[in-house]
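Before any questions on how it binds or moves, here is one chain, the form predicted on its own, in structure tokens.
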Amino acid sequence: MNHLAIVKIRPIDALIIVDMQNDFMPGGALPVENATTIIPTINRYIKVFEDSNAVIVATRDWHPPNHISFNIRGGPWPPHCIQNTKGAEFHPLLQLPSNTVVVSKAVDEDKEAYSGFDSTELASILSDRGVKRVFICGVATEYCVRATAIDAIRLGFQTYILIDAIKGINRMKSEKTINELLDYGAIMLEVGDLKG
């Protein structure tokens, strides 16, 4: 590739991998089509961030069995990512380092939470580590990726969306979300744009 990398990853950067859990993968309770196809690219990002001693975060839905978002309680979704089940585990091909910061969200049965920052310690974890820039990938583009990115921008982090490592449920809504995030000030990058 005779493409010049445009962003150097530093220890004060953070990779935020959103919800790469079995239930969101093909065959899961709430699958995002072709979601497993982004795993090799996410693993490449993980390597760059790991080699740069940057912070690596993995968010996960960690629902109680009767979560408010479930259709059994009138919510929009089938039961998924229930605490301590196979469906809530990260996909086995995801190469998370042992020092990955795991952030559990939507743990209160009566509160919906799409963003990795919503009612979690993520903002303070990043602040404590001096993080200024966050690089977001994962699923689903128009739900948890979107909400996490918007919160990151509102909290003052320079926010990058790793466009080759996200997947959405609906193509048109995903494209609309990308444009919305650009309007918010997010920057779109691909793996070739980064230097470790």
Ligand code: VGL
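Numbering starts at 1 and follows the sequence shown. Every value quoted in this text rests on a predicted model; they were computed, and no experiment measured them.
Unshown form predicted together with pyrazine-2-carboxylic acid; subsequent notes refer to it.
Picking from 44-52, 128-136, 24-32, 153-161 the stretch near pyrazine-2-carboxylic acid in the model of the complex, with a 4.5 Å limit on heavy atoms, gives 24-32. In the model of the complex, at least one heavy atom of Trp77 sits within 4.5 Å of a heavy atom of pyrazine-2-carboxylic acid. Residue contact check for Asp13: none of its heavy atoms lie within 4.5 Å of pyrazine-2-carboxylic acid in the model of the complex.
Although the partner is absent from this view, Tyr114 contacts pyrazine-2-carboxylic acid in the model of the complex, with a non-hydrogen atom inside 4.5 angstroms. In the model of the complex, at least one heavy atom of Cys144 sits within 4.5 Å of pyrazine-2-carboxylic acid. Annotation for 55-79: interface residues with pyrazine-2-carboxylic acid in the model of the complex are Asp61, His63, Trp77 [heavy atom within 4.5 Å].
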